[in-house]
Ligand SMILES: Cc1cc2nc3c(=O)[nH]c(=O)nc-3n(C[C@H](O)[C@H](O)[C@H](O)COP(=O)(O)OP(=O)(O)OC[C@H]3O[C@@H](n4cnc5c(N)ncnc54)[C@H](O)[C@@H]3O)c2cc1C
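The chain that follows stands alone, in the form predicted on its own, written as structure tokens.
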Amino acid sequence: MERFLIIGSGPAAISAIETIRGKGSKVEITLLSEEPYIPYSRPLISYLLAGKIEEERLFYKGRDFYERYGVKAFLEEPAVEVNIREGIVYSTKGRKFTYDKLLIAAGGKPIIPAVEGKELKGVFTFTTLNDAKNIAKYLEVEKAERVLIVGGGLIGLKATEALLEWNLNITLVELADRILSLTLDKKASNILQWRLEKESVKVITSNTVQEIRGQKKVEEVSLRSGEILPCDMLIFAIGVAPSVSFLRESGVEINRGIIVNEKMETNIPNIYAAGDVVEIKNIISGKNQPIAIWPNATEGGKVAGANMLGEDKFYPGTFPMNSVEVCGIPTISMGLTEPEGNDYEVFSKEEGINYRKVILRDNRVVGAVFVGNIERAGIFCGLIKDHLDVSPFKSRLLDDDFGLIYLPREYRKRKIEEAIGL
């Protein structure tokens, strides 16, 4: 029986398993996971920390997923080495796992800067279920009141929103000149910063932590500006990087992430990769880059699973998309949000906290930002993906009632058929 080995247990791995079994394949599937849990939704850990959901809500595939899909899962046993010549993967427990085909879906690792004092008690990251549990336990045991969050991106904002439910004194420090600088434009960022400050969150931009100080646990930090901030807990929420350290000597081609083609194949025969660990084509810029979003992982895993079975499936790429709600204000961004140069047309509309912006290049949508009223944002995602010429109706893009009715008849028909599965 053919042996498939999967490294990782995130959405790319799960999508690949569902694809393989959905096609009736009886291949042997073995999975190595760094985490001790069955598949769960990482985007929901902030709601768990906030006390808005129970832990059971995270396990979106059911507790018997591996059993139902005939997967032999080794939890808390990540890969540490891949030997491509012998077709062997070594785990942290010293075990050897042989394979005929390998899928690397190891996801991303939180970025922790080389700051003195980072090993002190009370310093955390915020990307996994264990992170959320450990933060909650520390808050309860240590009675922490002053929290410093380093990073004003998506992870930092989700951590901030969760900890607001604990009635803490929160300071957010961001290296860039504004929060969510990689996701939103300046106007959208300013709306969210205003909302955070209304909730008494102190936001410090153009600055970062230089040193963490304390005896056994964190007590204060010094910033690059020289300012000293007392704190009882620090959370690094700078972002994630592809988890590729165990592959450095393997022969698998790596840049920032693993290099794959449109079939999710690496440079090594019978080795595939998908999810946050890979560099995928950005269909707007045409360049390969890590795009750490759930839809990219699931689609990449689906294509990888099919091709591992010998099919001929292709994934043309995607573009950055992000959604985050901050203190009751929802946001969605996609594609380019702050283009440079004269090749773009920009349409924007602002009404209080409601803000919309659409960016065109050659009469095609290449980016959009929605704050507050995010209805109909999904239409713009389709316009970017399909490279539709919007010149006949571009003056109506920001109309409150803009919808499918404005789009070409054949395009509308196709989108409706796709929606109903025809």
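Position 1 is the first residue in the sequence shown; the rest follow in order. Nothing here was measured: the structure is a model prediction, and the numbers come from that model.
Beyond what is shown, the protein has a form predicted in complex with the ligand; the following relates to that form.
**Study point:** Every residue of A12, E35 and S243 near the ligand in the predicted bound form, heavy atom within 4.5 Å
**Key:** Spot residues vs the ligand: full contact, yes.
Point to revise | Among the candidates T127, T266, S189, S333, the residue which, in the predicted bound form, approaches the ligand to within 4.5 Å (heavy atoms) | key: Exactly one listed residue reaches within 4.5 Å, namely T127.
Exercise for review: Taking 4.5 Å between heavy atoms as the contact cutoff, choose which of G122, G107, G317, G257 touches the ligand in the predicted bound form.
Suggested key: If I apply the 4.5 Å criterion carefully, the residue I get is G107.
Practice item. Among 151-159, 176-184, 208-216, 337-345, mark the stretch whose residues have heavy atoms within 4.5 Å of the ligand in the predicted bound form. Key: Heavy-atom contact with the partner occurs in 151-159.
Check your understanding: Does the ligand get within 4.5 angstroms of any non-hydrogen atom of R42 in the predicted bound form?
Key -> Heavy-atom contact with the ligand at 4.5 Å: present for R42.
Point to revise | 4.5 Å heavy atom contact, A297 and the ligand in the predicted bound form | key: A297: yes, in contact with the ligand in the predicted bound form.
Check your understanding: Any chance N282 has a heavy atom within 4.5 Å of the ligand in the predicted bound form?
Key -> Taking the distances in the predicted bound form, the answer for N282 is no, it never comes within 4.5 Å of the ligand.
Practice item. May I ask you to check whether N322 falls inside a 4.5 Å heavy atom distance of the ligand in the predicted bound form? Key: Because a heavy atom of N322 falls inside 4.5 Å of the ligand in the predicted bound form, the answer is yes.
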